[in-house]
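Presented as structure tokens, the chain that follows is alone, the form predicted alone.
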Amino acid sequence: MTVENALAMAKSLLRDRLSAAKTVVDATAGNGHDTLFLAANTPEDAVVWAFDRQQEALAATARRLAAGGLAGKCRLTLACHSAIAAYLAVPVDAAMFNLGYLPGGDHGFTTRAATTVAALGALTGLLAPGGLITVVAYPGHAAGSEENEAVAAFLAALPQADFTVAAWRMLNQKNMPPILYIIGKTGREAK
């Protein structure tokens, strides 16, 4: 395995889990790169849910999926990721968060601590045994730092009997590099 940036590491960790996944979530669709990755690496009958609050993000995601011939397996949802539980009631096999702002968009319009923690609460509740969630957080700007602290606190409080949680980051990079959080649901059935 090659050590890469946080987002590439998230994809490396998810790839094996996706081969048998039925329901996966891109909690932050953005420009569609992660949605396309999820769609391309899941079985043909899998459903990929992609959430974003910005219509321009979903439009970019739709174009990327159409170009890749994968639009049919994706549900693009114009909603904050904190509303995931309103759309999903089935077990989720894998989920990705790539926090921050839309690349090429308004840097003042970012994901927020409260909504991200709410989304993580919903997804940890829906996560199937053996499921995996990755979160790439960007602590290098004020909103990202606050969000990172809230995410870390939420994840640290998850019960060890039900979840394994790890953090991965580059130590020799400048400018507060992203941090990858990895959340795995234990293999036993939820209570």
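Note that the structure is predicted; figures quoted are calculated from it, not measured. Residue positions are given as counts along the sequence shown, with the first one as 1.
Missing here is the form predicted in complex with a small molecule; even so, the following discussion is about that form.
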Contact label in the predicted complex: residue 28 to the small molecule, heavy atom within 4.5 Å: yes
Non-hydrogen atom contact residue 41 with the small molecule in the predicted complex at 4.5 angstroms: no
Non-hydrogen atom contact residue 80 with the small molecule in the predicted complex at 4.5 angstroms: yes
Partner contact for residue 137 in the predicted complex: the small molecule, 4.5 angstroms, heavy atom: no
Interface stretch in the predicted complex with the small molecule - options 123 to 131, 157 to 165, 30 to 38, 66 to 74, non-hydrogen atom within 4.5 Å: 30 to 38
The small molecule in the predicted complex reached by all of 49, 87 and 94, non-hydrogen atom within 4.5 Å: no
